[in-house]
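A single chain, nothing else alongside it, follows as structure tokens in the form predicted alone.
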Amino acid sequence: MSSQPEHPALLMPGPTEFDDAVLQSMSHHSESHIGPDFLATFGETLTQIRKLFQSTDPAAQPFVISGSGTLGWDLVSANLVEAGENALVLSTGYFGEGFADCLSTYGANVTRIDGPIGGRPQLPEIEAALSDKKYKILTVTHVDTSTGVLSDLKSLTAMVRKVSPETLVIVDGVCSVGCEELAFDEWGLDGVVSAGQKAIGCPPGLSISFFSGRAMQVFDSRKTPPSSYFGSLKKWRPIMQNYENRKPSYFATPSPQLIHALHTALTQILARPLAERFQKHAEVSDKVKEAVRELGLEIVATKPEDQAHALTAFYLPEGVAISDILPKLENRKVIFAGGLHKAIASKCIRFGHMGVSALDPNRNHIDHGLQSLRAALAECGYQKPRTRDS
């Protein structure tokens, strides 16, 4: 059982619940961000990130920078693309749209391919776009939390390598790293931007990115300086390299307490085979989705192969409003999230099931969440449609 004060189970797509040890590591005493003890912790954390991404490429570079997951978009837009260069964005919802907007802000020439609501762009139309003109980068959201859609990175990257091998494949993995299979080297990815507050199980405040040696070479060959000061990889790369080598270095002050929390979370994650973690998230996801379907509700991600294991977004039944059901869930000590995608925001809610909530059966978060959902729907006057066998 958790030693934390009693509180509603936070079953959102993020932030997520924390393990006690992760939370306790935040209480570390104040220390110098260039002192030997912190250098050892931060250095090991960066090495752990290589293992989390299943990469052994010494030329690849991890970055941990104070900021939200959105900072990752800026890192890509300010460093890997120059003004006027082409970027192809595959969108499965709100966050794909946001990545496209960020790239445009930095001057990229953006083409967006939108999947249908609840689906993803298909390989033939992506291949056609790549064949039509040269793209510097292609971005894809691994799990878009506005729709609960999962993208198939392995097949996508294989196709890109065949059709447009010079194009960098960049992944928004904010809601996938730590719960979805992601084999960086094996699949030939060039970059993943993420954050600590979702499946990794760390408090919000850290942008976590990983770029391939090839991506860093592309960065080094820029004709113009990076278009961000704080987000410049030119400034951050030597800092990260020095930290990983336990050498004091400074550009901007990191958060030692958050780094300690991330170190604890990664230590826990890497204590077991990653395949076991991914499988457990898949099992919990299947359980939640089966329960949602048994209630007669429709999952936003329509095809099983497109359904993320981090969360389940589903439509509310006719006559049940978000403003009615969310307070009823909170009265039962459960917090879900309302809709986010503008086309369906008023019609769906989102059940996050990742990290400690999915992995620690002693917390009983998943069963409690499902029981509370059933009770809240009934309190809203909803009755499951009768089937021929019921």
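Note that the coordinates shown come from a computational prediction; the quantities given were computed from them, not determined experimentally. Numbering starts at 1 and follows the sequence shown.
Missing here is the form predicted in complex with a further copy of the same chain; even so, the following discussion is about that form.
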task = Kindly confirm or deny that H29, H33 and I335 each have some heavy atom within 4.5 angstroms of a further copy of the same chain in the predicted complex.
result = yes
ask   = Which one of V300, V160, L258, L182 is close to a further copy of the same chain in the predicted complex, taking close to mean a heavy atom within 4.5 Å?
value = L258
remark   = Answer key: of T224, Q122, N245, T253, within 4.5 Å of a further copy of the same chain in the predicted complex (heavy atoms) is T253
key: Distance check, G67 to a further copy of the same chain in the predicted complex, heavy atom within 4.5 Å   = yes
message = Against a further copy of the same chain in the predicted complex, would Q24 count as a contact residue? Criterion: heavy atoms within 4.5 Å.
response = yes
ask   = Taking heavy atoms and a 4.5 Å cut-off, does G188 contact a further copy of the same chain in the predicted complex?
value = no
inquiry  = My question is simply whether A375 lines the interface with a further copy of the same chain in the predicted complex - judged by any non-hydrogen atom within 4.5 Å.
reply    = no
key: Interface segment, criterion being heavy atoms within 4.5 Å of a further copy of the same chain in the predicted complex, picked from 104-112, 135-143, 313-321, 275-283   = 104-112
request  = Counting only non-hydrogen atoms and a 4.5 Å cut-off, give the residues of 179-213 close to a further copy of the same chain in the predicted complex.
outcome  = Q197, P203, P204, G205
